[in-house]
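Only one chain is shown below, in C-alpha coordinates, and it's the form predicted alone.
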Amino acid sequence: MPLYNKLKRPQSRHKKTVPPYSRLADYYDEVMSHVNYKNWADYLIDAASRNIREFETVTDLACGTGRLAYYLAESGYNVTGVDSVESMVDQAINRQYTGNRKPEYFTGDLRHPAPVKNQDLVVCIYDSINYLINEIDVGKFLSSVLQIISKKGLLIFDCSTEQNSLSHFNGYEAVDSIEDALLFRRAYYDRKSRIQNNLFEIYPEEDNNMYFEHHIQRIWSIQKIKELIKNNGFQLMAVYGGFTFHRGSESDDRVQFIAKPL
(Lines give C-alpha, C1' and ligand atoms only; values in the text may rest on other atoms or scores of the structure.)
Protein backbone atom coordinates (compact mmCIF):
# COMPACT_ATOMS: atom_id res chain seq x y z
CA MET A 1 0.00 0.00 0.00
CA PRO A 2 1.45 3.41 -0.91
CA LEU A 3 2.58 5.46 2.03
CA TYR A 4 0.21 8.23 0.96
CA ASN A 5 -2.75 6.06 1.98
CA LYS A 6 -1.45 5.46 5.49
CA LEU A 7 -1.85 9.09 6.59
CA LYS A 8 -4.98 11.08 6.04
CA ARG A 9 -4.54 14.31 4.21
CA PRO A 10 -6.27 17.31 5.75
CA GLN A 11 -9.68 17.56 4.13
CA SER A 12 -11.42 20.47 2.39
CA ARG A 13 -8.22 22.12 1.25
CA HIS A 14 -8.03 24.20 -1.89
CA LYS A 15 -5.15 23.07 -4.11
CA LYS A 16 -2.81 25.84 -5.17
CA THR A 17 -0.06 24.98 -7.64
CA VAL A 18 2.92 27.21 -6.98
CA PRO A 19 6.47 27.49 -8.39
CA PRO A 20 9.20 25.27 -6.92
CA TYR A 21 10.48 26.42 -3.51
CA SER A 22 8.02 29.31 -3.32
CA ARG A 23 6.22 27.69 -0.37
CA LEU A 24 8.73 24.97 0.47
CA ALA A 25 11.13 27.78 1.39
CA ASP A 26 9.30 28.20 4.70
CA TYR A 27 10.24 24.65 5.68
CA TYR A 28 13.44 24.19 3.70
CA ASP A 29 15.87 24.28 6.60
CA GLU A 30 13.97 21.56 8.43
CA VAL A 31 13.62 19.43 5.28
CA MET A 32 17.40 19.75 4.80
CA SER A 33 18.30 19.30 8.46
CA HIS A 34 20.18 16.09 7.60
CA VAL A 35 22.74 18.03 5.54
CA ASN A 36 26.01 19.03 7.20
CA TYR A 37 26.62 22.38 5.50
CA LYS A 38 29.79 22.99 7.50
CA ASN A 39 31.31 19.84 6.02
CA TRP A 40 30.24 21.01 2.58
CA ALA A 41 31.91 24.38 3.12
CA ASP A 42 35.09 22.70 4.38
CA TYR A 43 35.12 20.42 1.34
CA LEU A 44 34.71 23.31 -1.10
CA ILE A 45 37.48 25.27 0.58
CA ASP A 46 39.76 22.22 0.42
CA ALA A 47 38.87 21.54 -3.22
CA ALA A 48 39.48 25.15 -4.18
CA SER A 49 42.79 25.27 -2.27
CA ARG A 50 44.04 22.32 -4.29
CA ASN A 51 43.55 24.26 -7.51
CA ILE A 52 44.21 27.93 -6.69
CA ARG A 53 46.80 29.27 -4.26
CA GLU A 54 44.54 31.60 -2.34
CA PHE A 55 41.12 33.20 -2.64
CA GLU A 56 39.09 35.81 -0.81
CA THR A 57 35.81 36.29 -2.69
CA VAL A 58 33.19 33.57 -3.10
CA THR A 59 29.83 33.62 -4.87
CA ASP A 60 27.32 30.93 -3.93
CA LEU A 61 24.84 30.52 -6.79
CA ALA A 62 21.46 28.95 -5.94
CA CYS A 63 22.34 29.71 -2.32
CA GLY A 64 18.91 28.80 -0.90
CA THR A 65 18.44 30.02 2.66
CA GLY A 66 22.13 30.82 3.03
CA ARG A 67 23.35 27.97 5.23
CA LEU A 68 26.37 27.14 3.04
CA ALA A 69 27.14 30.84 2.60
CA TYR A 70 27.02 31.18 6.39
CA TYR A 71 29.86 28.70 6.91
CA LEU A 72 31.90 30.09 4.02
CA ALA A 73 31.65 33.53 5.61
CA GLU A 74 32.47 32.10 9.05
CA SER A 75 35.67 30.74 7.48
CA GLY A 76 36.74 34.28 6.66
CA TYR A 77 35.70 34.77 3.03
CA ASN A 78 33.78 37.63 1.46
CA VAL A 79 30.65 35.82 0.30
CA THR A 80 27.84 36.75 -2.05
CA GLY A 81 24.74 34.56 -2.25
CA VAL A 82 22.30 34.52 -5.17
CA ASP A 83 19.05 32.59 -5.52
CA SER A 84 16.08 32.84 -7.88
CA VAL A 85 13.48 32.41 -5.12
CA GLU A 86 12.88 35.66 -3.25
CA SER A 87 11.50 33.94 -0.13
CA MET A 88 14.68 31.85 0.14
CA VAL A 89 16.82 34.98 -0.18
CA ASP A 90 14.74 36.71 2.49
CA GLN A 91 15.51 33.90 4.93
CA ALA A 92 19.21 34.08 4.07
CA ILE A 93 19.23 37.84 4.72
CA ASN A 94 17.52 37.38 8.08
CA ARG A 95 19.86 34.60 9.24
CA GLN A 96 21.84 35.47 12.37
CA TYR A 97 25.62 35.68 11.96
CA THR A 98 28.27 35.61 14.64
CA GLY A 99 31.24 36.65 12.51
CA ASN A 100 32.25 40.00 11.08
CA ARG A 101 31.68 39.02 7.44
CA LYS A 102 27.98 38.72 6.78
CA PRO A 103 27.25 37.59 3.20
CA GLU A 104 25.50 39.92 0.81
CA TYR A 105 22.46 38.44 -0.94
CA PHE A 106 20.67 39.04 -4.21
CA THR A 107 17.77 37.51 -6.13
CA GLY A 108 18.84 36.23 -9.53
CA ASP A 109 18.64 33.44 -12.08
CA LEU A 110 21.49 31.00 -12.78
CA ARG A 111 21.34 31.93 -16.45
CA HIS A 112 22.09 35.60 -15.84
CA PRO A 113 25.24 37.15 -14.33
CA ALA A 114 25.18 37.90 -10.62
CA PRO A 115 25.87 41.54 -9.62
CA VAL A 116 29.52 40.88 -8.75
CA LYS A 117 32.84 40.90 -10.61
CA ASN A 118 36.26 39.22 -10.42
CA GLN A 119 35.21 36.46 -8.03
CA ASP A 120 37.96 34.08 -6.96
CA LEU A 121 35.58 31.16 -6.40
CA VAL A 122 32.07 30.49 -7.74
CA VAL A 123 30.13 27.52 -6.37
CA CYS A 124 26.76 26.01 -7.22
CA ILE A 125 25.92 23.01 -5.06
CA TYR A 126 23.32 20.33 -4.39
CA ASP A 127 21.57 19.55 -7.66
CA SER A 128 20.99 23.16 -8.67
CA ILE A 129 22.39 22.58 -12.17
CA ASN A 130 19.92 19.72 -12.58
CA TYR A 131 17.15 22.32 -12.62
CA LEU A 132 18.58 23.54 -15.95
CA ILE A 133 16.64 21.33 -18.33
CA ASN A 134 18.38 21.87 -21.66
CA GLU A 135 21.88 22.39 -23.01
CA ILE A 136 21.17 26.02 -23.92
CA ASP A 137 20.40 26.85 -20.29
CA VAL A 138 23.53 25.09 -19.03
CA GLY A 139 25.50 27.06 -21.60
CA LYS A 140 23.90 30.30 -20.36
CA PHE A 141 24.86 29.36 -16.80
CA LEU A 142 28.49 28.81 -17.77
CA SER A 143 28.55 32.03 -19.81
CA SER A 144 27.09 33.98 -16.89
CA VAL A 145 29.80 32.62 -14.59
CA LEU A 146 32.47 33.75 -17.04
CA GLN A 147 31.20 37.32 -16.61
CA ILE A 148 31.67 37.31 -12.83
CA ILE A 149 34.72 35.11 -12.27
CA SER A 150 38.31 36.34 -12.25
CA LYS A 151 40.72 35.13 -14.93
CA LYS A 152 42.46 32.95 -12.35
CA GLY A 153 39.23 31.98 -10.56
CA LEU A 154 37.62 28.60 -10.07
CA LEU A 155 34.13 27.21 -10.62
CA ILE A 156 32.85 24.25 -8.58
CA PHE A 157 29.41 22.79 -9.17
CA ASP A 158 27.76 19.40 -8.76
CA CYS A 159 25.16 17.25 -10.45
CA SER A 160 22.94 14.46 -9.21
CA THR A 161 23.46 11.31 -11.28
CA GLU A 162 21.15 8.72 -12.79
CA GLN A 163 22.47 6.30 -10.17
CA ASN A 164 21.05 8.57 -7.48
CA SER A 165 17.65 8.74 -9.17
CA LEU A 166 17.38 5.01 -9.77
CA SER A 167 18.59 4.04 -6.30
CA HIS A 168 16.83 6.62 -4.15
CA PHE A 169 14.26 8.71 -5.99
CA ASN A 170 12.28 6.44 -8.30
CA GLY A 171 9.04 5.43 -6.61
CA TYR A 172 10.06 7.29 -3.46
CA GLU A 173 7.32 8.37 -1.04
CA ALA A 174 7.50 10.04 2.35
CA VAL A 175 5.35 11.95 4.81
CA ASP A 176 6.84 14.39 7.31
CA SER A 177 5.34 16.44 10.08
CA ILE A 178 7.49 19.57 10.12
CA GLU A 179 7.02 22.69 12.23
CA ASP A 180 3.41 23.72 11.64
CA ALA A 181 2.79 21.73 8.46
CA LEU A 182 2.35 18.28 7.00
CA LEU A 183 4.54 17.55 3.98
CA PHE A 184 3.92 14.76 1.47
CA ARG A 185 6.75 13.94 -0.90
CA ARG A 186 6.76 11.71 -3.95
CA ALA A 187 9.45 11.17 -6.58
CA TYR A 188 9.77 9.23 -9.80
CA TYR A 189 12.33 9.06 -12.59
CA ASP A 190 11.68 8.80 -16.34
CA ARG A 191 14.71 6.99 -17.66
CA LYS A 192 13.89 7.62 -21.32
CA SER A 193 13.77 11.40 -20.97
CA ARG A 194 16.26 11.46 -18.05
CA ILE A 195 13.82 13.63 -16.10
CA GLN A 196 13.58 13.42 -12.32
CA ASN A 197 10.18 14.47 -10.95
CA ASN A 198 9.86 15.52 -7.30
CA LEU A 199 6.36 16.38 -6.07
CA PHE A 200 5.55 18.16 -2.83
CA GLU A 201 2.17 18.63 -1.16
CA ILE A 202 2.39 21.13 1.68
CA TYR A 203 -0.42 21.42 4.22
CA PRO A 204 0.21 24.35 6.58
CA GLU A 205 -1.60 23.97 9.90
CA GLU A 206 -3.22 27.40 9.92
CA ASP A 207 -4.22 27.52 6.26
CA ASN A 208 -7.12 26.35 4.13
CA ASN A 209 -4.87 25.68 1.14
CA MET A 210 -2.73 22.77 0.02
CA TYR A 211 0.32 24.01 -1.85
CA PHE A 212 1.58 21.76 -4.65
CA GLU A 213 5.09 22.08 -6.08
CA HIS A 214 6.36 20.00 -9.00
CA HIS A 215 10.16 20.08 -9.24
CA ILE A 216 11.59 18.92 -12.57
CA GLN A 217 15.26 18.10 -12.97
CA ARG A 218 17.36 16.93 -15.90
CA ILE A 219 19.76 14.15 -14.97
CA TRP A 220 22.81 14.97 -17.02
CA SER A 221 25.48 12.44 -17.92
CA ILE A 222 29.02 13.21 -16.82
CA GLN A 223 30.18 13.12 -20.43
CA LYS A 224 27.60 15.69 -21.52
CA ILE A 225 28.56 18.10 -18.73
CA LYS A 226 32.22 17.70 -19.70
CA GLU A 227 31.33 18.64 -23.29
CA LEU A 228 29.35 21.66 -22.18
CA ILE A 229 32.20 22.85 -19.95
CA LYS A 230 34.65 22.54 -22.84
CA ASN A 231 32.34 24.30 -25.32
CA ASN A 232 31.52 27.24 -23.07
CA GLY A 233 34.82 28.82 -22.19
CA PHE A 234 36.12 26.61 -19.38
CA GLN A 235 38.87 24.07 -18.86
CA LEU A 236 37.88 21.05 -16.80
CA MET A 237 40.27 20.50 -13.90
CA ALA A 238 38.68 17.52 -12.13
CA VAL A 239 35.54 15.46 -11.64
CA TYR A 240 35.16 14.14 -8.10
CA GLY A 241 32.64 11.73 -6.68
CA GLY A 242 30.30 12.60 -3.82
CA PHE A 243 32.25 15.26 -1.84
CA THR A 244 35.44 13.20 -2.03
CA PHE A 245 38.64 13.47 -4.02
CA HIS A 246 38.32 10.21 -5.90
CA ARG A 247 37.57 10.29 -9.60
CA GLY A 248 33.84 10.74 -10.12
CA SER A 249 31.85 8.25 -12.18
CA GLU A 250 28.26 7.36 -13.05
CA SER A 251 28.25 4.95 -10.11
CA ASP A 252 28.41 7.92 -7.69
CA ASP A 253 25.18 9.47 -6.45
CA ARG A 254 26.65 12.93 -6.98
CA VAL A 255 29.68 14.34 -8.79
CA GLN A 256 31.54 17.63 -8.40
CA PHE A 257 32.98 19.40 -11.44
CA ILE A 258 35.92 21.77 -11.02
CA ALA A 259 36.77 24.12 -13.89
CA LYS A 260 38.64 27.33 -14.61
CA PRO A 261 38.23 29.95 -17.35
CA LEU A 262 40.24 29.39 -20.51
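In case it trips you up, residue 1 is the first one in the sequence shown, and so on. Given the structure is predicted, the values throughout are model-derived calculations rather than measurements.
A second form of this protein, the form predicted together with a small molecule, is not displayed here; the remarks below concern that form.
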query: Every residue of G108, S128 and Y131 near the small molecule in the predicted bound form, heavy atom within 4.5 Å; finding: yes
query: Listed range touching the small molecule, judged in the predicted bound form by heavy atoms within 4.5 Å, from 72 to 80, 149 to 157, 186 to 194, 85 to 93; finding: 85 to 93
query: Residue among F234, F55, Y37, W220 with a heavy atom within 4.5 Å of the small molecule in the predicted bound form; finding: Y37
query: Contact label in the predicted bound form: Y28 to the small molecule, heavy atom within 4.5 Å; finding: yes
query: Close approach of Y240 to the small molecule in the predicted bound form, 4.5 Å, heavy atom; finding: no
query: In the predicted bound form, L44 touching the small molecule (heavy atom, 4.5 Å); finding: no
